[in-house]
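To begin, one chain is listed below as structure tokens, in the form predicted alone.
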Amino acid sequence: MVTVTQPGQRRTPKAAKTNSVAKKAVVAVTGIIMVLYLIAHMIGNLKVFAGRESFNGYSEWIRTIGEPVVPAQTTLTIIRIALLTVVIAHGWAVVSLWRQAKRARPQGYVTKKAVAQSYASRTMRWGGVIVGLFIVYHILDLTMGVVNPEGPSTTPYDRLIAGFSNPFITAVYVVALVLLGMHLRHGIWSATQTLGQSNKRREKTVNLFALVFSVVLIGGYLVVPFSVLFGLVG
């Protein structure tokens, strides 16, 4: 039997395939860790509806986890370092896979599937960059307070109210969160493919779950800035 290779088609070495699978697994696992963090962070944000004391108390509790066994903010610092490592690993794997795919298919081919996949990957890449920049701004605004209207010497509750009382700042958060939702929806679908938990029969169910989960999670984040902006919290 003679195997015919189409012009422009390349055989992928076994080592390259193994490397690609490993990187996809890194993307999937780090993505799951970040989703778990997003859920926990959203639940913490919702404490703003319990009032100033409850929200500030929650913020202080995060900083004192592990006391007196370890000094203040030790556990929080460890969590931050772990999350930073996860984000870097996630970004490295995504960029590496993109460059690997680009090298493997330099000429490309035009089909509906290829166009759809290209659009999804572009959305993921640029959406990821924008979300990354938003995280930096979020830390400078609400965590450190250096770009917050109330400044760094105020309480977390005061910074949150001051920030989201500004329509422009709220608009920035809304746009970033919507992009995060799009990134998350596609990421959940991709993770199930990578981890072998999806097939043609389950594809519709997985897509529906990814959409509903993303809408609920992002909705949980959006309810806070909108509530402050419209005077329901303050």
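Start at 1 with the first residue shown and count on from there. Note that this is a predicted model, so its numbers are computed, not measured.
Omitted from view is the form predicted in complex with a small molecule, to which the following refers.
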State yes or no: in the model of the complex, is some non-hydrogen atom of residue 139 no more than 4.5 angstroms from a non-hydrogen atom of the small molecule?
yes
Please tell me whether any heavy atom belonging to residue 149 falls inside 4.5 Å of a heavy atom of the small molecule, as the geometry stands in the model of the complex.
no
Do residue 154 and the small molecule come within 4.5 Å of each other in the model of the complex, heavy atoms counted?
no
Is there a non-hydrogen atom of residue 202 within 4.5 angstroms of a non-hydrogen atom of the small molecule in the model of the complex?
no
Answer with one of 65, 38, 206, 182: the residue that has a non-hydrogen atom within 4.5 Å of the small molecule in the model of the complex.
38
